[in-house]
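A single chain comes next, written as C-alpha cells; it is the form predicted alone.
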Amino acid sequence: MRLDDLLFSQGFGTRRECAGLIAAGQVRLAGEKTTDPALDVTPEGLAFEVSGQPWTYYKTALVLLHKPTGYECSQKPKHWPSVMLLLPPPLRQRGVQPVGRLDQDTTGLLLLTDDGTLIHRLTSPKHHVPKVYEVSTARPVDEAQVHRLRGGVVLDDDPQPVRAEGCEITGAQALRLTLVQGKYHQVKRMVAAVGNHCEGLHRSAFGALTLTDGPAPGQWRFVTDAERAALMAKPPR
C-alpha cells in the first residue's frame, strides 16, 4: 500500500492532505522521517508517527474509551458535549461510532468502531456479550431485590421480562449487574422496578475487556488484536 493511501485509510485527511503531510516531513516510520508519499509499505501492524503522534495501522478501528460524566454518546448531541470530542480527529474522520450508548451521567468502558458488522455482533442479544455495571443505589439493597433482578422484571415498554445475567450485592447500597441486552436506560429501569433508585452507574466491563489497567477517565486506547479476539470469543453458557 502507498504511504499516502495508508494515512488516508486511517483518517488523516484527503489523499492530497496526506501526501502533503508526508512531503512536509510530518511522518516517521521506525523513527525515521520519510517524504515520499508513494513509498510502498506493508500496512498490517505498522507503527508510525504523524506530527509527533504515535499511531498503529488497523484495517478497522476499535477503541476503548473511559467515558467520564457530562458527555453524550451521540454525534449530534442535544444537551451535553459528544464523546467524539474525546477522540483525536483521525478517528472522528474515519467514522467511528459508539457500540451501544451510555447516558451522560454514566461513566466507564465505552467501545467505538467504524466496523458496522462488529457493532451488530457486540450489541445483538443473541450473541450474549456480557456488560458489567457497578450500581450505586439510593436505598439499601437486599437479597429479595437481587432475586427479582435475576429472575426478571417487566419494563414499561415490553411485556416480556428482562433479567440480569448476573447480580450481586457489593455494598450496603451497591450492586453489580451483568446484562447481555441493551435496552434504553435498562439498568436504571430495572433497579426502579424492584423498588430502588439508581444514584450512580459505571460500566466496568464489556465482554473480556475491563478498565483494570486504564485508560484514565476521558482517555482512550486502541483495542489490541488479542483483546479483539477475546472479545469475539463465544462466552461459556
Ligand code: URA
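The first residue of the shown sequence is 1; numbering continues from there. Since this is a predicted model, take the numbers as computed values, not measurements.
Another form, the form predicted in complex with this ligand, is not on view; read the next lines as being about it.
In the predicted complex, this ligand stays beyond 4.5 Å of every heavy atom belonging to residue 204. Put simply, residue 71 is far from this ligand in the predicted complex: not one heavy atom of it is within 4.5 Å.
Contact annotation: residue 114 falls outside 4.5 Å of this ligand in the predicted complex, judged by heavy atom distances. Remark: residue 62 does not count among the residues lining this ligand in the predicted complex, judged by a heavy atom distance of 4.5 Å or less. A heavy atom within 4.5 Å of this ligand in the predicted complex is found for exactly one of 186, 173, 178, 34: 186. Residue 102 is the only one of 129, 164, 102, 84 with a heavy atom lying within 4.5 Å of this ligand in the predicted complex. Remark: of stretches 140 to 148, 103 to 111, 74 to 82, 153 to 161, the one touching this ligand in the predicted complex is 103 to 111 (heavy atom within 4.5 Å).
Residues of 111 to 141 placing a heavy atom within 4.5 Å of this ligand in the predicted complex: 133 alone.
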